[in-house]
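The data below hold one chain only, encoded as structure tokens and taken in the form predicted on its own.
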Amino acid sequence: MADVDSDSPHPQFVVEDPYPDWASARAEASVSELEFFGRTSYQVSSFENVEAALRDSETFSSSINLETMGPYMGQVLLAKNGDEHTRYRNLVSTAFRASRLEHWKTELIEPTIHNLLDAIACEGRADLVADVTRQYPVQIIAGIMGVPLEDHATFHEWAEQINTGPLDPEKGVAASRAMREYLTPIVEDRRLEPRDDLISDIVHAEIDGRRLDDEHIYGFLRLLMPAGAETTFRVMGSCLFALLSKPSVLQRVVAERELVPEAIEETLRWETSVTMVSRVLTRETSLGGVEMSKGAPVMLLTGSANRDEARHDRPEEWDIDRADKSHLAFGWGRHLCLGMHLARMELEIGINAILDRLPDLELDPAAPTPGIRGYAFRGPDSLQVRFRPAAT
């Protein structure tokens, strides 16, 4: 059994390393039936079967997300299916098209990472999680949405509490309420005076000739902050951890920057930040030779699928030279992550900037050895490093 943090109020969800258990699950049965909170459920752990379920959105419905995340996010895109999902997805897709990404690159992403690095470059030591990765993506999504950047720390806290709402409902509901109260005057301002930001786009968007109601507006906004910030900061931390743990590879990447995207893709396969996706069966079906009953929840273990021995050799190793880095970190099918191109851009720009601005970067030998932990959400809690300080 994976090591568990016994001080957690939800110890079954806070583990150091769930991968050995998932490897055992794949070896025994890639699809297994289990009881979860007194309800017959299924767990899917192999790449082939997780991918098949993600492709079949009619049978494996995302509507269960309204049950699990609705109390904290409200009306969310994650819970919609079919043509309704397509219509609502198209509302926000324009914010992530290529021309907009180029705009965000120069106007927001590059200035944000360099502002963060300005604060530490002369110090010679830093915690890359606290000082950079935890702040960087949340500031970017705040800028895209059009909320004040100085409030990014508050948004980050709300996003974490909303994301983990099912584990701590009281905090999740309180964060959801606080975020809505904060956003209300901004939304009302954008109704009267639209600006060049995502909140204005959503407030004035129309579905079938009608504007969105408030529940859908605030549902979108509660989803975008966690989805746009929480996942990217964890992947960035895991990628830096992998590079710092292999100094010879780090030296190669510093010298050959075309390897940065390779490092990112291998990290997405090796340590995806969100390791599982929830679905519910709309009808009886069979997957992996297992008969599955209508109405049952299904947990698709994307983290396990990405380390499937049937898909990858030595899947537990982080290998920048791996030829096949295919993964399900951004999902698949109809619900493929809308912000994946933005995430990749943030990661590439951010890691390159760190390598440029923090020369001779290495783990701080005086600090505790870092590690990646978590169950549903994974990443390092701290990355204490030292480097050659910039001249003051």
Ligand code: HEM
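Note that residue numbering follows the sequence shown and begins at 1. Nothing here was measured: the structure is a model prediction, and the numbers come from that model.
Keep in mind the form predicted in complex with this ligand is missing from the figure; the text below concerns it.
A.B. asks: Indicate whether the candidate residues Phe96, Leu224 and Phe330 are all in contact with this ligand in the model of the complex, with contact defined as any heavy atom within 4.5 Å.
C.D. replies: Affirmative, all three are within 4.5 Å.
A.B. asks: Can you work out whether His335 and this ligand are in contact in the model of the complex, taking contact to mean some heavy atom pair no more than 4.5 Å apart?
C.D. replies: Judged by the heavy-atom cut-off of 4.5 Å, His335 is in contact with this ligand in the model of the complex.
A.B. asks: Just to confirm, Arg211 within 4.5 Å of this ligand in the model of the complex by heavy atoms?
C.D. replies: Close contact is absent here: in the model of the complex, Arg211 is far from this ligand, nothing within 4.5 Å, heavy atoms only.
A.B. asks: Can any non-hydrogen atom of Leu342 be found within 4.5 angstroms of this ligand in the model of the complex?
C.D. replies: Contact check for Leu342: yes, within 4.5 Å of this ligand in the model of the complex.
A.B. asks: Examine His152 and determine whether its closest non-hydrogen atom to this ligand in the model of the complex is within 4.5 angstroms.
C.D. replies: Taking the distances in the model of the complex, the answer for His152 is no, it never comes within 4.5 Å of this ligand.
A.B. asks: If contact means any heavy atom within 4.5 Å, which of 127-135, 231-239, 310-318, 187-195 contacts this ligand in the model of the complex?
C.D. replies: Among the candidates, contact is made by 231-239.
A.B. asks: Could you spot which one of Ile109, Ala142, Ile202, Val277 gets a heavy atom to within 4.5 Å of this ligand in the model of the complex?
C.D. replies: Contact residue from the list: Val277.
A.B. asks: Tell me, out of Lys171, Lys246, Arg257, Arg89, which residue has a non-hydrogen atom within 4.5 angstroms of this ligand in the model of the complex.
C.D. replies: Looking at Lys171, Lys246, Arg257, Arg89 one by one, just Arg89 meets the 4.5 Å heavy-atom criterion.
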